[in-house]
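Presented as structure tokens, the chain that follows is alone, the form predicted alone.
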Amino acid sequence: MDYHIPSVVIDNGSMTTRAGVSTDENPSLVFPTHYSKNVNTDEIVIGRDINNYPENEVYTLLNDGIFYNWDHVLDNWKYVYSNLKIESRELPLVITENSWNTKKNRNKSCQLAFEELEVPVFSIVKAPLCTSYSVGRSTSLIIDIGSSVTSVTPIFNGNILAKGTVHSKFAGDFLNLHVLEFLKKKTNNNIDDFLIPKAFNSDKKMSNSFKMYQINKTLADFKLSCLSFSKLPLDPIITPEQSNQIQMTPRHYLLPNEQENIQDDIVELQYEQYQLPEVLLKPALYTNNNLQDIKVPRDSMGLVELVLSSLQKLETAGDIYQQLLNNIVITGGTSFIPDLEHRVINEFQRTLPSLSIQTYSNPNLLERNFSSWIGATILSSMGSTLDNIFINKEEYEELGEDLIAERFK
């Protein structure tokens, strides 16, 4: 069964939803995956209009990279159709999922698609496989460092090697905790006064979740503007004397609140610009030395250990290891922090000196941000060369969960 007509493609990330029609080069609709809710009227706000209702509570749809808030997943998808001005009954729907998604979740996705949206045809495709095809590779080792999850997925000849799929919580949100602690020290704990844009400092009451939503947006901008990965490992604790001996160009960040004295808005980073992102590589060492309220188990795996764990779980032939290591693809919003790719190469060359290491990070950050969506559009048009990835409504009604388990395994 081949489907060569266009599909609606929805890629729900923890922070951002990307959607559009598969014939488009890039998603035409990009908006926050979060939504807000008026606790008195239960009115739901989706998209960038969240900013217009600071009194609302802000929620997310995903936990650990998979859906849990199903009532509002449907709201998210309906928002897509409304903005694309497409009736859900008209075209096939394709969504992405992480490799560790559950059978129960897939069944629920199909139920929403066929019974609520009444789509004629539906497909669920693996996000790492989409990323691999978006950069023209059928064999790759996908390292995805997103906001809530870091994952490693080995792919060989177009098939995900499920045994080697691993993920952890040490991703962008975890780095936010360290950045927030750093900024607390710089602002004498006046976080609300400095990290929430001035436009929201009105008499209108802001919910705590809305405050954190705005603060996290500032932290995301701060990370991309000011942080870089060192090409070599760094010590978790640097004394003022040691810091003064290190020669580097300081970076400055203008906080969004616009205090009366502009100097109060400017944060300077010296050694911290390289030290802060180290937590993604050594989460226990850096967290237990720098954060009082959070303790990370000493055996917790950072990025490099997570990749090595993935490879060890495969227990496969040596030439497959080499092919994977020659096709490392780094993606995800947190991968935008400069020099991550160089650091990964250096770490693997030090850890695996006898093997060849080649990595790829799409230099076009827009395309990297859209890689899963772009790959989903490619896969949705490859029905003749892949095992059938679609289910139509008649098949769903006749075969139900058994077909879902087989088709979307």
Ligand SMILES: Nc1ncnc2c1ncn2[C@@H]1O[C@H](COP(=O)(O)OP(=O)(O)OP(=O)(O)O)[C@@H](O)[C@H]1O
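One rule holds for the numbers: they count along the sequence shown, beginning at 1. If you're wondering where the values come from, they're calculated on a predicted model, not measured in any experiment.
FYI, the form predicted in complex with the named molecule isn't displayed, but the following is about it.
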My question is simply whether Thr377 lines the interface with the named molecule in the predicted bound form - judged by any non-hydrogen atom within 4.5 Å. no
Should Ser132 be classed as touching the named molecule in the predicted bound form when contacts are defined as heavy atoms within 4.5 Å? no
Applying a 4.5 Å heavy atom distance criterion, does Gly20 contact the named molecule in the predicted bound form? no
Hey, in the predicted bound form, does Cys110 get a heavy atom within 4.5 angstroms of the named molecule? no
Tell me which of 302-310, 170-178, 281-289, 152-160 has residues with heavy atoms within 4.5 angstroms of the named molecule in the predicted bound form? 170-178
Considering the named molecule in the predicted bound form, which of Leu84, Ile191, Met206, Ala220 comes within 4.5 Å of it through any heavy atom? Ala220
Only one of Asn327, Ser147, Thr165, Ser123 gets a heavy atom within 4.5 Å of the named molecule in the predicted bound form. Which one? Ser147
Suppose contact means any heavy atom within 4.5 Å; which members of 312-332 contact the named molecule in the predicted bound form? Gly332
